[in-house]
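The chain below stands alone and is given in structure tokens; this is the form predicted alone.
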Amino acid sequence: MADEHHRGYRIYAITWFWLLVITLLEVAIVLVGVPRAVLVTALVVLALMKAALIMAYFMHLAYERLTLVYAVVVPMALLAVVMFAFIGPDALSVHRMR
């Protein structure tokens, strides 16, 4: 485990490259003009991929024990569900008003 922490900056450069690729994909999908359902689904999936990369390598969860990963990921998922439960209906009602 300690060896994985001292591999240098190569893993961060690779992670940064993939974050850049995903961001460019997000911009391309918006500019192409796909249907709204596909757009929203693709953007959410790409955002989740970016979050997973950031949590794994920049927050060092890829090197931690699985229980610590669960201790961080489960509350974040619950927070997302609670936020959607409270904010989602208002956001959808604003969308219907347009």
Partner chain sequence: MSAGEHRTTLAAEWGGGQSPFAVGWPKFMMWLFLISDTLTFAGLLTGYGAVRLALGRWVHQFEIFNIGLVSLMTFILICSSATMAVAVGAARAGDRPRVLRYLLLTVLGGLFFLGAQAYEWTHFIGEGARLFTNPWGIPQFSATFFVITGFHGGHVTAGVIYLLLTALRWRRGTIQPESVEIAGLYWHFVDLVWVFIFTLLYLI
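Everything numeric in this text was worked out from a predicted model, so none of it was measured. Residue numbers count along the first chain shown, from 1. Between two forms, the rigid core is defined as the largest C-alpha subset superposing within 1.5 Å.
A second form of this protein, the form predicted in complex with its partner chain, is not displayed here; the remarks below concern that form.
- Using a 4.5 Å cutoff between non-hydrogen atoms, Ala71 counts as a contact of its partner chain in the predicted complex.
- Taking non-hydrogen atoms only, Leu79 approaches its partner chain to within 4.5 angstroms in the predicted complex.
- With a 4.5 Å cutoff on heavy atoms, Ala37 does not count as touching its partner chain in the predicted complex; it lies far away.
- Contacts of stretch 60-88 with its partner chain in the predicted complex, defined by any heavy atom lying within 4.5 Å, are made by His60, Leu61, Glu64, Arg65, Thr67, Leu68, Ala71, Val72, Met76, Leu79, Met83, Ile87, listed in sequence order.
- Ile14: CA moves less than 2 Å between the shown form and the other one after rigid-core fitting.
- In the core-superposed comparison between the shown form and the other one, Leu25 has its Cα shifted by less than 2 Å.
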